[in-house]
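A lone chain, given as structure tokens: the form predicted on its own.
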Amino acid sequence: MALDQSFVGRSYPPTEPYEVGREKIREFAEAVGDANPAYTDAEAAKALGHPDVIAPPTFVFAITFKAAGQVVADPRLGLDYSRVVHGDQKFAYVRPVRAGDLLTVTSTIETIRSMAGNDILDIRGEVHDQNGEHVVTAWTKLVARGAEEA
């Protein structure tokens, strides 16, 4: 069943604030194998002009993907999550994510289209800090595979 096209442009309420911690940044940097000292050493980050350690660029995926869950869970949209695969991810930064940031995400459905029996959903996540300043925009592409024919 095709997704409801009237949902294009729909935004969902901002998430509760996520506090970015130094330890979470360190754990993430280690998990992705990035030894950049700006991710683990406050003095190294300060030498680069940052007030504290910064996060690797893909760090915000965890919070933007979780925020996209509001879209996925909306029963009126008609998305069968059991058939969904992650198709693409991209980010556009205004500034790096820093330890101590309190980030909220507002998710908006940018496009819905069908291709080869699959539904493709593009979700934009606008990430803002505790001062309301824009930090990064993340785009998540979800592909809902078409039902298999018997």
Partner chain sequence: MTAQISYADVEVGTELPAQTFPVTRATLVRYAGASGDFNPIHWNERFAKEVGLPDVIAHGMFTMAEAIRVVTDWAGDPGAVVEYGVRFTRPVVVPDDEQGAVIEVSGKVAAKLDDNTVRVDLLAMSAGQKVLGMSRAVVRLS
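Residue numbers count along the first chain shown, from 1. If you're wondering where the values come from, they're calculated on a predicted model, not measured in any experiment.
Below, we turn to the form predicted in complex with the partner chain, even though it does not appear here.
Participant: How about residue 54: is it within 4.5 Å of the partner chain in the model of the complex, going by heavy atoms?
Facilitator: Residue 54: contacts the partner chain in the model of the complex.
Participant: Whether residue 38 contacts the partner chain in the model of the complex should be assessed with a 4.5 Å heavy atom distance threshold; does it?
Facilitator: Because a heavy atom of residue 38 falls inside 4.5 Å of the partner chain in the model of the complex, the answer is yes.
Participant: State yes or no: in the model of the complex, is some non-hydrogen atom of residue 58 no more than 4.5 angstroms from a non-hydrogen atom of the partner chain?
Facilitator: The answer is yes: residue 58 has a heavy atom within 4.5 Å of the partner chain.
Participant: Looking at the partner-bound form in the model of the complex, is residue 124 within 4.5 Å of the partner chain by any heavy atom?
Facilitator: No, residue 124 is distant from the partner.
Participant: May I ask you to list the residues of 20-38 that have any heavy atom within 4.5 angstroms of the partner chain in the model of the complex, in sequence order?
Facilitator: Read in sequence order, the residues that approach the partner chain (within 4.5 Å, in the model of the complex) are 24, 27, 28, 30, 31, 32, 33, 34, 36, 38.
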